[in-house]
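Starting off, we have a lone chain in the form predicted on its own, written out as structure tokens.
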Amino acid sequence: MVNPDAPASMTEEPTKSDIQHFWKTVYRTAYTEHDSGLTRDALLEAIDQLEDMFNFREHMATVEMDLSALAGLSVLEVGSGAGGHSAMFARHGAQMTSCDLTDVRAAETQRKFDLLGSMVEGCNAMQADAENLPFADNAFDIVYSNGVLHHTNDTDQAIAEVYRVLKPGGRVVIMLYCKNSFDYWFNFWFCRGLLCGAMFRSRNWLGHASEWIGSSEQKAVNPITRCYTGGEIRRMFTKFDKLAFRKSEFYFYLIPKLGRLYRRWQIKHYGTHPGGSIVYGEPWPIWSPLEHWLGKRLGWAWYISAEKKI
């Protein structure tokens, strides 16, 4: 039970407006410079680079999502961000519907579709809430969501909505944060939560300690982030068939303080991949073979796939 005498930040539930404000601020800080001058040719090159980066990383966008089999399938992306993933799927022939809680991100996803023109005819983006999707039952062959549903007030309700709009026999591909990870227990729980006292100031301390990207000073606080154990994933997806999930994503540079020094060494030693620009607003620092190996065991991401029961 929450202490009724605790500070407001310990008890208050984030509103949709709080969530929208944070992610809109992140977009404007990290992506505006990259996206503002984007041309069709530059976008096509960026999509190629993104696909190459995801292949290298064994990301779910190119592993659980079989790009060669997307042509003609109706695909919904919940939480499209700046639209990089949706644009890549659309280029492979998927009939994309993309939605995001923030209007600026939905608009940028649509702009990428518009730049691609006739090759992605019929694809569209809109503003929508993951907990109340504005689509009919049994509407999509695939529902995809990368690192989004753990940032909403009711993740279980969002997954129930994914199940509802998926066709029987259709497939979900979802990334949620992993509690059984080095990032959670050391970087966040121990370093930021315990040592820095974040967990004593807010019940949403994990959100407040995570997600800011870009090189500028942080201008807003992330209202909410959750992460899950393997058992919790099984519970959340109990209505689905053929559930499978695996770990990925480990980076030494995320270790507080010391990680900054490692990042400089990492970039100098391994370089960066331009595929990161369209989804992170800057090139992706290429991980070491050790980080790749550790990601499969201690990674911060669950890559989840399942099917709706027929």
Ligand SMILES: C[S@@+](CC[C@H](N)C(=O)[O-])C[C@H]1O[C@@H](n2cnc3c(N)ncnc32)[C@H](O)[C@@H]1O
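Only a predicted model underlies this, so the values are computations on that prediction, with no experimental measurement involved. Numbers follow the displayed sequence, beginning with 1.
From this point on, the text means the form predicted in complex with this ligand, which you will not see here.
**Q** Evaluate Thr152 for contact with this ligand in the predicted bound form, applying a 4.5 angstroms cut-off between non-hydrogen atoms, and reply yes or no.
**A** Within the cut-off, so yes.
**Q** With the partner left out of view, is Asp129 within 4.5 angstroms of this ligand in the predicted bound form by any non-hydrogen atom?
**A** Yes - in the predicted bound form, heavy atoms of Asp129 and this ligand come within 4.5 Å of each other.
**Q** Indicate whether this ligand has at least one heavy atom within 4.5 Å of a heavy atom of Val148 in the predicted bound form.
**A** Contact check for Val148: yes, within 4.5 Å of this ligand in the predicted bound form.
**Q** Although this ligand is absent from this view, report whether Lys16 comes within 4.5 Å of it in the predicted bound form, heavy atoms only.
**A** Result yes; Lys16 sits at the interface with this ligand in the predicted bound form.
**Q** Of Thr97, Thr102, Ser181, Asn204, which residue is found within 4.5 angstroms of this ligand in the predicted bound form when only non-hydrogen atoms are counted?
**A** By the 4.5 Å criterion, the partner-contacting residue is Thr102.
**Q** Of 195-203, 114-122, 71-79, 229-237, which is the one stretch near this ligand in the predicted bound form, taking non-hydrogen atoms within 4.5 angstroms as near?
**A** Looking at the partner contacts, the answer comes out as 71-79.
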